[in-house]
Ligand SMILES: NC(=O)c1ccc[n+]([C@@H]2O[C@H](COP(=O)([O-])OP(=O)(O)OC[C@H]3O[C@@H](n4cnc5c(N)ncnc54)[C@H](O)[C@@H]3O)[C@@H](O)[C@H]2O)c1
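In structure tokens, one chain follows: the form predicted alone.
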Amino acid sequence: MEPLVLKTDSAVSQLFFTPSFDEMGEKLRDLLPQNRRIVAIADRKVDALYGHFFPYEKISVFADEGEKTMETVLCITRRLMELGAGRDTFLLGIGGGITTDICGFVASIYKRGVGFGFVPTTLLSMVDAAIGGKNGVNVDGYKNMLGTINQPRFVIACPCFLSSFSKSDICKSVPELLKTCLISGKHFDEVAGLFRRMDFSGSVESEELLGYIREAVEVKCEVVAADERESGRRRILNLGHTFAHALERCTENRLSHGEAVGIGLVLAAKNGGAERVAGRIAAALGQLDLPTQIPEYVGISELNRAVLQDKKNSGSHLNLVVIDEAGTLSFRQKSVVELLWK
């Protein structure tokens, strides 16, 4: 499968899609800089399963939203200093979105910046978190309050990693892929159907899935290339996320990011007046055994407080991406009192 190239004003990033571990390994050996020190920042669970594919010095991390903090960044920084890692060190992030976010953030600030690349190992990171150059950590449970925009040199997506996940865990990432389908206006029903019928008992239909992963990345790359710093169109990629980040905060991450995004997509349609589209999204999520409504234990006043911390707010107004009655996306400003949470 042909690679994609994400070219922005600041950098050029190469994005590769490999159907097997062998091809991933070959591509990684080709891409890693020669005669430079390689240090992998790896999810410890991923390293336990697949560490033999990555024979480099490693710093392991516990991939949990509660660990995606400046304290973890400082621990990694101290370890790099202990290793004597200089500015010519290249960092390789191996894991899901939490791991790649942390790796990219450390790489952006360690000794004023070192080179880095990603091998995402979850569906969510392959289609979203590892793509586009956003790297960040949480503060007091609020998502990505500290961050950078800095492109990795490369990203290698290989769906074979997904065979170690249960179908339930995989489906929790599907809303990020459905978000891209709503943005592009293509393949929503096909993607939802693929995951309904897919067997995750050790085998993954790599070719078809890899095609949808590539299409999702292509959509995101097109948007990011035109607006890397999120001054305009890139805000469209926030579809569902204003609601999702507030839900994650208020549920103390009992909802995963993907589950929260799914509910956020339903709310984005309701807040745009698109009840029919909201129903269609909810039906697709329900068929994947994903939640479609805010948990009963979460209060609206609590959600309103959390949503005001969204990074894209303008004063007391929220800048929302909503889905309108025609099924198209638009930007709207709303106050918290105008939000539809149910």
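Residues carry their position along the shown sequence, with the first being 1. Keep in mind that this is a model prediction, so the values were computed, not measured.
What follows is about the form predicted in complex with this ligand, which we do not show.
A.B. asks: So which of 210-218, 264-272, 183-191, 138-146 is the stretch with heavy atoms within 4.5 Å of this ligand in the predicted complex?
C.D. replies: This holds for exactly one stretch, 138-146.
A.B. asks: Please pick, from R280, R37, K27, K45, the one residue with any non-hydrogen atom lying within 4.5 angstroms of this ligand in the predicted complex.
C.D. replies: Only one option qualifies, and that one is K45.
A.B. asks: Out of I76, L124, A157, C171, which one falls within 4.5 Å of this ligand in the predicted complex, going by heavy atoms?
C.D. replies: Answer to the contact question: L124.
A.B. asks: Do L239 and this ligand come within 4.5 Å of each other in the predicted complex, heavy atoms counted?
C.D. replies: No - in the predicted complex, heavy atoms of L239 and this ligand never come within 4.5 Å of each other.
A.B. asks: Taking heavy atoms and a 4.5 Å cut-off, does A63 contact this ligand in the predicted complex?
C.D. replies: A63: yes, in contact with this ligand in the predicted complex.
A.B. asks: Is S164 close enough to this ligand in the predicted complex to count, meaning some heavy atom within 4.5 Å?
C.D. replies: Result yes; S164 sits at the interface with this ligand in the predicted complex.
A.B. asks: Report yes if any heavy atom of G96 sits within 4.5 Å of a heavy atom of this ligand in the predicted complex; otherwise report no.
C.D. replies: G96: yes, in contact with this ligand in the predicted complex.
A.B. asks: Of 174-194, which residues get within 4.5 Å of this ligand in the predicted complex if you count heavy atoms?
C.D. replies: Counting only heavy atoms within 4.5 Å of this ligand in the predicted complex, the single contacting residue of 174-194 is E176.
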